[in-house]
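Here you get one chain, nothing else, as structure tokens; it is the form predicted alone.
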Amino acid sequence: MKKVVFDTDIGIDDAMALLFLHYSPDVELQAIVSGFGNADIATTTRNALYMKEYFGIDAPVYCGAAEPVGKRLGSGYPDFVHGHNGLGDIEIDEPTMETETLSGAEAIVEIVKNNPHEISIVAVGRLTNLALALDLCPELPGMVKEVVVMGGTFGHNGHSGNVSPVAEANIAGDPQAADKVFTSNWPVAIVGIDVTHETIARDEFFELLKKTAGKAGDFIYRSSRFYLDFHEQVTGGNECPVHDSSAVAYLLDPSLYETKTAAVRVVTDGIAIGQTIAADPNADFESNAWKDQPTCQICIGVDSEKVLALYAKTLALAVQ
């Protein structure tokens, strides 16, 4: 059983990932920590509370970071991807529940300290909350079981950036925080768009969930309409990449992914801001930016059919 803290800027694909965690028999969800990203902090926190209430999720919700710790690429929020309410503009009720009193970063530290070497952190938004938690508790990396990050791109499988030619949105939304996380000595796996863009959900997949996953499948189907419309404008197909749920799939079954070990740095300024750069930890370069840095596992290949099958199988448990 994995004890999981879910760090999220809840939009459409984040909500899918949360339900993946919620219905997995192998997960004990400890907390949902909100952050800015797909929408402002008020909206993402509202969405986390809505999901908790609507689906009867036991985990407490903590309000996390409202802004980056450093310079970010761009401004505003991608309502053209996730809708103005972050959930595809489907009708949702205002939650009656409230967040806990601790901040997101404080909650991460407290939960890890209370469960040393047992907590898996799945981070599918900006990495601001984790960077702030490191400020509060520099020894945190030595107490965490694992960190799985959805973010970044390293040029594998022909995929590059989605908010610049070289940068992915989660990392570019707070590059300084990401660089701090990747250069801290904890077990980090990075599930980037090198593999999430290889894992494509077509409308038939959402139809399947609607038929087999009850209330959860209906919610995913309805919220996905906006998301699919956006991606159809980009690719011409009625389909979308499976981003955040891929981080959960890695958590549940790492064998679905091919990985390599690398030291990872993030560009924090200039035209390449947000770029994730991986280097062989044993290589010698003129630059010492990668020298003596901790390593991460970066995903470079995926069995996409098995990832989708695992998601559908898990969500089917929603009706049992």
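What you see is a predicted model, and the numbers here were worked out from it, not measured in a lab. Residue indices: 1-based, along the sequence shown.
Not pictured, yet referred to below: the form predicted in complex with ligand BDR.
inquiry  = At 4.5 Å between heavy atoms, only one of the stretches 205 to 213, 94 to 102, 69 to 77, 165 to 173 reaches ligand BDR in the model of the complex; which one is it?
reply    = It is the stretch 165 to 173.
query = Between the options Val248, Val195, Val124, Ala133, which residue brings a heavy atom to within 4.5 Å of ligand BDR in the model of the complex?
reply = It is Val124 that has a heavy atom within 4.5 Å of the partner.
Ala178 within 4.5 Å of ligand BDR in the model of the complex, heavy atoms = No, Ala178 sits far enough from ligand BDR in the model of the complex that none of its heavy atoms falls within 4.5 Å.
message = Asn38 versus ligand BDR, in the model of the complex: is there a non-hydrogen atom within 4.5 Å?
response = Yes, contact at 4.5 Å.
query = Taking 4.5 angstroms as the cut-off for heavy atoms, does Met150 touch ligand BDR in the model of the complex?
reply = The answer is yes: Met150 has a heavy atom within 4.5 Å of ligand BDR.
request  = Would you mind checking 1 to 38 for residues with a heavy atom within 4.5 Å of ligand BDR in the model of the complex?
outcome  = Going through 1 to 38 in order - heavy atoms within 4.5 Å of ligand BDR in the model of the complex - the hits are Asp9, Asp13, Asp14, Asn38.
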